[in-house]
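What follows is a single chain, given as structure tokens, in the form predicted alone.
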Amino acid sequence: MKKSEPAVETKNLSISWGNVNVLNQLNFKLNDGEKLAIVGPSGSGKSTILKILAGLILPTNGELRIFGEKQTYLRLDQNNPPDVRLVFQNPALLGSLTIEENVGFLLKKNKKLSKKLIHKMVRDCLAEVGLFNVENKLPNELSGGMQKRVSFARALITDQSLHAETRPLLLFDEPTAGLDPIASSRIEDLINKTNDKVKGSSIVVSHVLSTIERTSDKVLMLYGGKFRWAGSINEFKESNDPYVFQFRHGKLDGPMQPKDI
């Protein structure tokens, strides 16, 4: 990857489910090292953007480039996929695999890495998120909060032999939804720590104000399949734009109507 290439660039990106336009000609760019929050009401298509970026679904129309490479196939169909790491809202761990097997899952595809080295890499990543001596446990033997941290440890895993020239793109889908303020702060700190550790670029999808403000430096407001506002996090805090103002203050009156949300 050339340093001048953005981590993400879209041109008229669109996706439809039947006659419903979920995303309608979206254009945005995420430069290397930037931290972006995509915000908006529930059902506005935020998570759909992450699924497209992660290569889980394909857009109906438009163009997507990741690290400068045009994406035309699902991630599973690519021989050398870009280093994109999605942290789901739920931990999304494989229940029949141990924690070590979950965290080091992708590393086992690299025949050059020994079991001893993979074990060390997994232990180091688990330690980064404050987990020790859990690698032989199954997911159901851990609390929900610990499982969440395992999913972050999985996002820390880097196989430099596969992605020596790129810094990862980290995607976080509603990472603090349903959590109390203290638990949210811990996850927000973990998002920042994970991003700093891998020196990547990140996109956080959220409707939680503290998460948006603490984990991003740019914000895009999504509603009705289109971006309605874009700006820095400081501009987001002060903006009187009707979409931003309604979202930040939870107002019923405004351009985003409950019947559409």
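Quick note: we count residues from 1 along the sequence shown, nothing fancier. In this text, all values refer to a predicted model and were calculated from it rather than measured experimentally.
Beyond what is shown, the protein has a form predicted in complex with a small molecule; the following relates to that form.
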Distance check, residue 202 to the small molecule in the predicted bound form, heavy atom within 4.5 Å: no
Contact flag, residue 68 vs the small molecule in the predicted bound form, heavy atom cut 4.5 Å: no
Contact label in the predicted bound form: residue 206 to the small molecule, heavy atom within 4.5 Å: no
is_contact(residue 42, the small molecule) in the predicted bound form, heavy atom dist at most 4.5 Å: yes
Proximity to the small molecule in the predicted bound form (heavy atom, within 4.5 Å), stretch among 45 to 53, 24 to 32, 209 to 217, 227 to 235: 45 to 53
